[in-house]
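Coming up is one lone chain in structure tokens, specifically the form predicted on its own.
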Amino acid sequence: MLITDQHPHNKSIMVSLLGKPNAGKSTLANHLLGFDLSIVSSKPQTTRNTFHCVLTIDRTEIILVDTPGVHSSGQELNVRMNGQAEYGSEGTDLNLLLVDANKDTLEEVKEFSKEFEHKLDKTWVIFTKTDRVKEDRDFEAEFSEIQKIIPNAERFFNISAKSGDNVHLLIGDICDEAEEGPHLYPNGNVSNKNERFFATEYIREQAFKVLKDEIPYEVAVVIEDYQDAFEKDEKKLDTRISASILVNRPSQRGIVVGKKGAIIKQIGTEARKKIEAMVGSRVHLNLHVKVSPKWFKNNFVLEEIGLPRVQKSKRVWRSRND
């Protein structure tokens, strides 16, 4: 079916953001969008699900596919996260392989290639966080070595999403790669995920920030109830959300709740601010902590947080409340 309500010279391109944990994928996506859609923290493996971040420059629609960091682990949660990254590269027009320039870049690409089983097609290597490296760094030599590991790596960029250095060059060349075709998100949508998904993400992001190094990796968030209330003119009045923060052990429940509920209150207050900015209305957020032993191995929980089985998944048949 022809799309007749779009400009005939519209262009579109789908670009995957791939790399090891903390390579700067979500930071780059947020920088290009101009606001924080993807959650970011200092903790690796913050992103757990693949989703689209959409921006339009002139008549070019760029769909960034933000993916979890690829890492080595036999734990079921991490196996499924790696599966999400591989899924995110399927059907894209261009892969951006982000590499932290402050680390051993060749070793980082070797580790990525070992865990990422799909063959990468058209790929650009992006050296990130270059505001921290020496000016005389020979990125061309490093890229030549990386090409031996990723044969379809065509070119490289050295950027800093924090300072904005060279990001305009990258985005300009991405626009040049786009081919004429209709926009997939013509109505101003910025993602293929709904507000409920991002509410979950923003709660988890604040849990990571408030809890710091105590138990962030053993925390998950599940929305129990999400309701929008509207006035007679269909203007949104408020949003009411009830969510559970899942922890692995009973001792962790007290840590998340905090003395006289101080910690969970802080998590809720900060998360509510971000959710209100997203939905554009008042938010009533009710958080509680639920002990779900080994939730990161529980198929029902993993399915509920958007991580389906992959080829390497173990056959785990725990009930929801085990």
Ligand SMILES: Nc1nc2c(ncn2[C@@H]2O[C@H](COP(=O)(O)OP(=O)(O)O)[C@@H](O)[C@H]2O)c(=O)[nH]1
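Quick note: we count residues from 1 along the sequence shown, nothing fancier. Because the structure is predicted, anything quoted here is derived from the model rather than measured.
From this point on, the text means the form predicted together with the ligand, which you will not see here.
J.: Counting non-hydrogen atoms within 4.5 angstroms of the ligand in the predicted bound form, say which of 283, 40, 263, 63 makes the cut.
T.: Of 283, 40, 263, 63, the residue with a heavy atom within 4.5 Å of the ligand in the predicted bound form is 40.
J.: Looking at 118, 132, 103, 249, which is the one with a non-hydrogen atom within 4.5 Å of the ligand in the predicted bound form?
T.: None of the others qualify; the residue that does is 132.
J.: Let me test this: is every residue among 21, 25 and 162 within 4.5 Å of the ligand in the predicted bound form, going by heavy atom positions?
T.: The answer is yes: all three residues contact the partner (heavy atom, 4.5 Å cut-off).
J.: Select, from the options 173-181, 106-114, 153-161, 220-228, the stretch whose residues sit within 4.5 angstroms of the ligand in the predicted bound form by heavy atom distance.
T.: Looking at the partner contacts, the answer comes out as 153-161.
J.: Against the ligand in the predicted bound form, would residue 50 count as a contact residue? Criterion: heavy atoms within 4.5 Å.
T.: Outside the cut-off, so no.
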